[in-house]
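As a starting point, one isolated chain is supplied in structure tokens, in the form predicted on its own.
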């Protein structure tokens, strides 16, 4: 691969490109890096590459004429290269982009300085790229990051061919933890599974740890992944990080209590709250909560939605040890006002209804998993439980028409939870 960097400061690259694996790769020409200085194309005696902006304002703007000539020279040196303009307004560079760029015949990286580029320069490039939502004094550090990420993916750069495939983000997840000698360090031991020599168990442990670490540190990544059933079960078996999530529902039959508690248990919700107007049904509901903590096995959920069928399977595959804890925290309320007082200060999520502000399940899931432990959310299900004057956020599926197409009762709630917390 041939990489040409359009920069006013080629000397900044000397040390980074000569050290470590990157330096070795360039030395044996896994890739080659050259530089084009726009000052070489300035025609005035001061070799000016910038000028004051039209319309006034702070800073100086890089001139389009010298940059155009420098970019054209770089294209000549690297035929077929993809030209990238490095600027904060571009698409954020990530591992997927690194893999895509690594198979290009060449790259031209255009580094800015001063206040930025003349707008007409953007017409001369193939793509605009940023390395993050922050501003640097120039594009050189961004160019170094891209060079390193792309060159390390060239065949032969890494000593172990499987290293790149195991990197963080390579499969959409963060990488699993690593350990080496000594086996114990300051009271912390290497996990026993890594010392046993069972490669199948080690691989399973690494996969589970990768999922767990991603869930804890970058839950936003999970929202974009199409995980298989085994991965979903693994996620269900790990503690759910982030905020407390309560379930609040109005019910008309005490029999609904058990099924709703099962949902709360499987998705590791904090508690379930029920609004029951009739005193006799309220007493039956309280009895159901008490029996729930004593039950050895869960009952099946209604089979009225695809998500409910999946969820029933998940429940019977995994017994939860939080049944007693959830039952103790769950409550039956006579009025919505009592429910609101018990959950004062929480943010409300409305799982049904067809009006008000909305949030897609992926965005809401990322918010829930990434929220602090002090935050508290309430998923409201059924009419009349949400606070008046506080419409909350309405949870929508990817296909809005499915919201009110017969998915009612417990099965309907299973659909929403399935989409929100990863089982759908």
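Numbering follows the first chain given and starts at 1. Computed from a predicted structure; not experimentally measured.
As for the form predicted in complex with a small molecule, it is not shown, yet the points below apply to it.
- The small molecule is not drawn, but in the predicted bound form it has a heavy atom within 4.5 Å of residue 138.
- Not displayed here, the small molecule is kept clear of residue 208 by more than 4.5 Å at the level of heavy atoms in the predicted bound form.
- At a distance threshold of 4.5 angstroms between non-hydrogen atoms, residue 114 is in contact with the small molecule in the predicted bound form.
- Interface membership of residue 177, defined by any non-hydrogen atom within 4.5 Å of the small molecule in the predicted bound form, is ruled out.
- Segments offered: 84 to 92, 278 to 286, 182 to 190, 333 to 341. Contacting the small molecule in the predicted bound form at heavy atom distances within 4.5 Å is 84 to 92.
- Checked against the small molecule in the predicted bound form, the candidates 150, 266, 142, 349 yield a single residue with a heavy atom inside 4.5 Å, and that residue is 142.
- The single contact residue among 250, 130, 270, 154, judged by any heavy atom lying within 4.5 Å of the small molecule in the predicted bound form, is 130.
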